[in-house]
Ligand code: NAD
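Just the one chain here, laid out as structure tokens, in the form predicted on its own.
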Amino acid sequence: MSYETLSVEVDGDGIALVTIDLPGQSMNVWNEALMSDFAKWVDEFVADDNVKGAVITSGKESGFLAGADLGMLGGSSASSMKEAFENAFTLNSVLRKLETGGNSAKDLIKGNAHAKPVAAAVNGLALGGGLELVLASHHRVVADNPKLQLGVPEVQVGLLPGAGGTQRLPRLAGLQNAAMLATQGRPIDPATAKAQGIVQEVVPAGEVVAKAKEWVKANPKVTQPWDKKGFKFPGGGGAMDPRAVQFFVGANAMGQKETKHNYPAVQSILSCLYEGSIVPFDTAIRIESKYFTKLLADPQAKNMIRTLFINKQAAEKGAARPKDVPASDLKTVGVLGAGLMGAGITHVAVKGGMNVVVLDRDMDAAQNAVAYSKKILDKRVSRGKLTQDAADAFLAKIKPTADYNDLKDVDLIIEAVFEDPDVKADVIKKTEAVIGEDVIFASNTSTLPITGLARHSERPEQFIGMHFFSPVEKMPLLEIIPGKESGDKALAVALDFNRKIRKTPIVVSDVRGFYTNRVVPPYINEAMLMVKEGVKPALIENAAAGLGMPVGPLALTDETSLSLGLMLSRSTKKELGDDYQPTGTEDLLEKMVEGLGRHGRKSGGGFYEYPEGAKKHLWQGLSEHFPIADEQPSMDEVKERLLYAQLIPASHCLADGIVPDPTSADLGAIFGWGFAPWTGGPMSYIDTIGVEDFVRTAESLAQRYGERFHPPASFRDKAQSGEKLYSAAA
């Protein structure tokens, strides 16, 4: 039989070499075509007495198999939970048939039957359902490559390993190792996998198929360990084993501590491990599919799949790129300014394969960019993750200079000088005097409107904004801001550059603060207002942690610096004049910065103290200046206030067209300031609770705390019509 997604070659020994190779795709994934083909092959393999065993491998250089097509899962639309369960159990059933040879567990345990040997020859990464196929094989041979990844990352999109991963992993590696892999979603390398008993052989890449065939030939009759009489979990398992009981008590507590009860998938994984360790294997995989089905039916998984996988990938592949503009060949980038942002941009550009000419006022200043990259590279060399030769080659691609003439041959300019319109105007004119006529000029600015800066350019149609986040090499978002006169080529080149540096881009409108800096300030302002009201700072920070925010708003204020907040407040007031709307935090910022000298983390302390060699902690003296109120709000009240302090300005940005669609709003929130990933983003969260409930809660908050909580009028209209944000956008 011929197949669309795999090929089968049977050698003279009767061993089938099954090569998975999805046509037209860079990576193998479990999609509908592969699942259909693989099920047909398993049926034939089990029934054909002339085929004595099989070796399964990949025809892709990119990897073995990267798991399920999440686009397929995200669009799942079963008509009933029963149908959804049957769909979810399909792959579990196929893999079970493969490992049992179609025999019953009872016959295998009694020794009345055996399966044909199946070995996995893993020549590249195997993740999710890819690793689960490997686990269902009787023998696992993996290429000796420390960069090769083996793991079950489903928890990162609100799911669990649904093709036997929660059952085979603990039976091979023990409950604790399985829990670590499945609840954290982090991959391991082949050596670690072998040490844990997950794979049996780690061999040179060119030998994986030969070694797998060798094993199959030498083992004509096989049975999985869990299908043998007397099988026991490594390290203990079941409801009565003291070691397992102790593990589950600790694992549940630690799981909820880490997730703040925001990720049901973690609890479901632990439930699968517990229940599955008590019952026979065939019952265990049905339990796993039950929990998988429940998670897949929950809006959380759908939201996380949509935002963190489908929409993220589409954005990174250039969904917003003008289609009729030819691709640009960016070999050399000019970076203006070697400060923190310029040095970070230089680093990611070189990492993306480009040369960089970095210019500053003098050579000493320009060398900061080289020193910045060297510090990052030295750390990687010291940890054995990079050779010194590779580090030296990286640094050789950076040319520091103080001479504008050195910019004459660059393919793109990215300006990252001081956030001052006059300073930026000066470098724009000096740079345009030497660069090629077709070169795009991008300005990295966090607040200044691009159209205003483009007035200093002789070619405003080639001028665009690119807002990076600090530290550039770590922060995943890039805001791209076309000005009023920016042309399609400027946008296309910005997105071409982004694809090289592998950020998640969103295209936003040209207004002061763009998207992220119109939402983050109200969030941290709300925290500061609560400090003024006498709410305990620890309650504020813990509430933010409970929401799933990476750091509390007071800690975030320290990181960005209170002095910067004061400066931006004053500059905004100067620019807007009588139109300026006070936030209520101006006096707090003045007291902290000018009265108490507490500027933030870099200057020694703000809301927090940063003792050398010790963990940061909230500044105890804060209550002397902002006394604690006798009556404190509940944790839920503070969480709601902090959550809506983000949802409201984000919804206004969508309503006003600052972000073009819910997708961009969600991506920008999660990857820009760390908005709780479990929600799928602010717009996904609003859709999940319902626009009507969102508007009702917002209006209630506005009555209690002020008009800053009023929702947009268009959201009130949607609430009345029952319309969802994503369905409206579609």
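Note that the structure is a prediction, hence the values are computed from the model and not measured. Numbering starts at 1 and runs along the sequence shown.
Separately, the form predicted in complex with this ligand exists; it is not shown, and the next lines address it.
Partner proximity in the model of the complex, defined as non-hydrogen atoms within 4.5 angstroms of this ligand, places exactly one of 116-124, 155-163, 233-241, 423-431 at the interface: 423-431. None of the heavy atoms of Glu541 is located within 4.5 Å of this ligand in the model of the complex. The closest non-hydrogen atom of Tyr515 lies beyond 4.5 Å of this ligand in the model of the complex. Within 4.5 Å of any heavy atom of this ligand in the model of the complex lies no heavy atom of Ala193. This ligand in the model of the complex is not approached by Glu586, whose heavy atoms all lie more than 4.5 angstroms from it. With the partner omitted here, the residue from Tyr404, Trp215, Phe309, Phe626 that has a non-hydrogen atom within 4.5 angstroms of this ligand in the model of the complex is Tyr404.
The partner is absent here, but in the model of the complex a heavy atom of Asn444, alone among Thr183, Ser486, Asn92, Asn444, sits within 4.5 Å of this ligand.
Taken together, Leu547, Glu640 and Trp673 are entirely out of contact with this ligand in the model of the complex: none brings a heavy atom within 4.5 Å. Contact annotation for 452-488: residues with any non-hydrogen atom within 4.5 angstroms of this ligand in the model of the complex are His467, Phe468, Ser470, listed in sequence order.
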